[in-house]
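Next up, structure tokens for two forms of one chain, structure 1 and then structure 2.
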Structure 1
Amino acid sequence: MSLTKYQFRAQFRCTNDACRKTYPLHQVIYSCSSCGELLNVEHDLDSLKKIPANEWKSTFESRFRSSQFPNASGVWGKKEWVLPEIKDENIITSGEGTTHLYDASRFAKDLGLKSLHVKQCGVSHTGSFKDLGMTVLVSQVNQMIADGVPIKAVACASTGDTSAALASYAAKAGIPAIILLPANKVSTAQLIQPVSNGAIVLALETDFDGCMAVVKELTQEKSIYLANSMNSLRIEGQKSISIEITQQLGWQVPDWVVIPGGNLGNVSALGMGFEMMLELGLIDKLPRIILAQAKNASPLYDSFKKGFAEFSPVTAEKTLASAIQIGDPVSVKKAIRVLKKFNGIVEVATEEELANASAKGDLYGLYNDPHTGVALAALLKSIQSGEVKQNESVVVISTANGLKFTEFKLAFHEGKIPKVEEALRNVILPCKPTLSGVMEILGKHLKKT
């Protein structure tokens, strides 16, 4: 069907229900000028409702994995729900989205679940789900520059994946990128990505929260545009995860979605995608959500245990899940709203729990980064506690490619991570270069298995 006769619109709106002030998307603004709360991108749902739910489904189906620009992107195939007014010539895309929904059926059977799928968001151009949000933000900046808004650079604080995504998309658009990273706290694979893409990379002697404080000051200069997830344009791209999952499940909603959380923009985006589908009639229920945090950086878990009555930032301790080593998440209020609406829970994983869960998932054909390990550990603990029931359906969000964390995988199997399950370690076996040598070792090994 043709949607050209319809006019779809979007704007920024303050998330404070007592304020609700609106701003145009081309304005350089990240929080409300009246009350200081974060913004959301708000869509004209009345115009979107003019299209029946089944027609939206068929439209999205027809565009899925298309070879045609811009629908080759899983994000821009849903343009009307993301940035409806952007001109196609200003879209900066690297074919993000449309990632595989991994069917972990053998794992599900062993866990007693009806089904278990892992949304492989790391199978993307820069290797993480951050591409989904960055294509939207950089495209909007590209549109703003074309319209005469004087932006000379984009900037972010990052624990790794955000910097990789921003540097790549900015390089494709020809826009300078400024990256602030915590010194010696980012994996080599993540660090080299923005360096290779020509970004201005600064290593600050602080943690992510310290980098975030500096970049917020830096981007008070309106010619330097903030690209962190407190900018709600990022959330618009990331919410496509919810739509893709549902579409890949035949427009059925899983009982649970498990997602790791650091700065907490991801769970906000997840919720917004499901809410939009419910509002427009594509689904008839919401899933429950498990927000998974590393125990060493778990301020939201502390708040959850108190019924979200209060929230206190913490100083995050070192964790193998470095991308979520965040003690003062900027999107905490958005995340709490979503968790309350979705009857969600927050669970934590210790270092050994996340390492073991990552390795356990690998034995079912996955190759998990440590953040997916946090999500899997949270799922395993929630099954054990009875929160997740037998014969329920679960989708785990894998936020990054395991290949970015080779050091983590090596450390696990070389026994350099303390207190892990020895049975999960797989040691490389030295062998004589003869058939008899191979057969001798295989005989011993196959007897054990």
Structure 2
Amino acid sequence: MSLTKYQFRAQFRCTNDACRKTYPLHQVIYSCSSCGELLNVEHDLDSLKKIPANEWKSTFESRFRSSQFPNASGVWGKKEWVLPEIKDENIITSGEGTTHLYDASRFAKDLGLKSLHVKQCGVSHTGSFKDLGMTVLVSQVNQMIADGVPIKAVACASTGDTSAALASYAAKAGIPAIILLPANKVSTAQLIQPVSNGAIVLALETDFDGCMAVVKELTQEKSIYLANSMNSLRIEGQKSISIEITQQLGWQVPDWVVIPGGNLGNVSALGMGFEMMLELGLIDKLPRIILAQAKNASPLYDSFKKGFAEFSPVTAEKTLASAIQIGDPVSVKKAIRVLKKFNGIVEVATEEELANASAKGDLYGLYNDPHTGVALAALLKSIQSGEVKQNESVVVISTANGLKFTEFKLAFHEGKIPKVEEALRNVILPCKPTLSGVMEILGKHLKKT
């Protein structure tokens, strides 16, 4: 393998085209100190191009699920594309990535699609795609600590998946984690993961934005490192989703990728992964993207309807898809750039649409969280509108584990979500404890199936 002959490098670069200032990755910085814009991790593509595309493919394939550290991780098996300069000994991995690409072939057939795959990012160490980015962030912090940067802790404002991932990876590394959350707005059940992982969990008498403001202030003091998604290190891990999907499809690019979006870091990462593969010759076209929003939190949909000519934040209303209940997404500029380049569209799902689509998918063997429900609903609507054609191939990104959303599942089947399709609801049937009792009920219900 010729990889060892080359040195690969990466740095932060300001995403503002008029600025483009750069910073080293070991600097404690989250947005441009000149212009305030978000940063990207920029790779030295000239070095990466020295390796032929086929060698990258065979390298990624041979490392995929390798038993050996750190390549057992789908993220670190692509290290040269992620954080090329980190020392292996500082990598903190819990086997993130290499999630199954679920072949929903019966569902595809019923929808008239050529194929429908669901990338199971929620079947993961802490139960969401956030593991992909958090392994990168925590590993980089671990490297910085080893290099003598005086970091005492990592911190984020979050109520769900982000805090679970941060707390778990920090616990593995032995680095203290600090979680800021709005008091009385989040149940302990939503926070039991970081509580269990021993994070310092603080309940602030304010709302989420108030927590975000305090965590930004707190991390100005550079000994506490900010882990929220404005930190572009996380994008580098999430980018691996695109590479894995393509590899799992035999290096074929699907016609469509459907992804739910709230803060919009994930669709940015998805796009960057595909762009990097195109640039380095691993693929020769880009997929189209459907960015799926909950109708109750859909500022990007409004912008899309105006050709992305303008973007206005909204006040997000309550949605069952709680992780994307965001009205003012931090990564909106990155996301719009990606959607334009990928000839993407934005679709929305109402509460009943996301609940129905989630339940419908379950009947084919999945167990969908509400965000995957938003993505599936957007797909169903896009098929109906004719945007997605019969015989096209589709990959849906499932972002979280359905096991995190028992209440949502219960509410659906107990009839507590208004306006859903009755035929999708299933109930537990009372039955006499005898063979004849069971046979009587089966007589009615087995026929239906």
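Numbers given to residues start at 1 and step along the sequence of structure 1. C-alpha atoms forming the largest set that superposes within 1.5 Å between two forms make up the rigid core. The shown structure was predicted, so the numbers you read here are calculated from the model rather than taken from an experiment.
Both panels show the same chain in isolation, but it is structure 2 that comes from the form predicted together with another copy of the chain. Once the rigid core is used as the reference frame, the Cα position of Phe208 differs between structures 1 and 2 by 2 Å or more.
For Leu218, a C-alpha deviation of 2 angstroms or more is recorded between structures 1 and 2 after rigid-core alignment.
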